[in-house]
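A single chain, nothing else alongside it, follows as structure tokens in the form predicted alone.
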Amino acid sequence: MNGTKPLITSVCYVRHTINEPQACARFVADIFGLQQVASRDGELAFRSDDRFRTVSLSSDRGDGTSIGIEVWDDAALQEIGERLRAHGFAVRPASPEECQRRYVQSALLADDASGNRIDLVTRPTRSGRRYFPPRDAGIVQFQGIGLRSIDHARDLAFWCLLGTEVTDWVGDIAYLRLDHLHHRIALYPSQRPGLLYAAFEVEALDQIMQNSYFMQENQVKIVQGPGRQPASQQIFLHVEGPDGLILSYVTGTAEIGDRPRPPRQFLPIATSLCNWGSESKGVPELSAQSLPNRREA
């Protein structure tokens, strides 16, 4: 971005701590459509594309939930570490065992201001085998994440230090880009920290609708959608599995062109979150009623 070498290149995995890993595993594979792969160290692992794994589930509360962010190289990793420490963020090198458990070459383990754990990693492992899910949900890649934030200003500063840029606002929800897409990360003001959702890109609108009907037939809770975000044009379907795990199908996210523009501000109202009229069921961060807008306070 801005004609310079990027510091980070992708959101590459989610390691999620839950109470019911086996029940969640059946949901993730048989219902949602990710491919389960060999598990290790008590973690149940899944693929969604050519990465070795993109989702892992564990009941180990000591290790906790973390988000994997791929860093360009070790020089970029060092620069990010210096930036974060200079601004008072907790960050430390990962041990060889921690890198091995994450299937990466090197890593810094950082916490944002809310306490969300962010793994900054280099060279995450890829697989030579074709991604082959148990159910044809049309998934083509891991697309991005939504994160809960209890210290929005400081959390936003954390992500900007990594090199992300705000593309648009809905109230105080910040859409953050790190490559050509409108956003890979969405930062939601919340009363608690943690992962809000992990999003997976599907081939087209057809797969969004097919998966919507499949979820209804299997009595899976649809949190929101099918819908379309006005800011990014992303078509989405958020579904909830055991233990409150929210996974999303998305497609059609707009690309950012070469011409710079400032972030746009959308009002904190329902049509700013979905211009098709879908509303969130039971997840406050996805509901317009819970959207604060400090600029109007």
Partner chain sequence: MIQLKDVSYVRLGSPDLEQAEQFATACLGLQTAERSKTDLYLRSDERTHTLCYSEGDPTRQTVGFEVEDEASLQDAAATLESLGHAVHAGTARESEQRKVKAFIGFHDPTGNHIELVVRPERSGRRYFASRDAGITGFSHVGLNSTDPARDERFWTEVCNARVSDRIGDIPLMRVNAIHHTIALVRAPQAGIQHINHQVESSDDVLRSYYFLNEQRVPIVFGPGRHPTSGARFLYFKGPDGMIFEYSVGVDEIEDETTHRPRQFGFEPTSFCMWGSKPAGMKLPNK
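A quick note: this is a predicted structure, and the numbers were derived from the prediction, not measured. Numbering follows the first chain given and starts at 1.
A second form of this protein, the form predicted together with its partner chain, is not displayed here; the remarks below concern that form.
- Interface residue remark: Q22 is not counted as part of the site for its partner chain in the model of the complex, having no heavy atom within 4.5 Å.
- With a 4.5 Å cutoff on heavy atoms, A153 does not count as touching its partner chain in the model of the complex; it lies far away.
- Its partner chain in the model of the complex is approached by D206, whose closest heavy atom lies within 4.5 angstroms of it.
- Although the partner is absent here, P133 lies well away from its partner chain in the model of the complex, with no heavy atom inside 4.5 Å.
- This chain appears without its partner; in the model of the complex, the one residue of S114, T167, Q210, Q105 with a heavy atom within 4.5 Å of its partner chain is Q210.
- Interface residue among G194, G138, G81, P226, judged by heavy atoms within 4.5 Å of its partner chain in the model of the complex: P226.
- The candidate spot formed by D60, T65 and Q143 is out of contact with its partner chain in the model of the complex: none of the three has a heavy atom within 4.5 Å.
- Residues within 4.5 angstroms of its partner chain in the model of the complex, judged by any non-hydrogen atom, belong to 198-206 and to none of the other stretches in 123-131, 83-91, 184-192, 198-206.
- In this stretch, 120-156, not one residue has a heavy atom within 4.5 Å of its partner chain in the model of the complex; the partner itself is omitted from this view.
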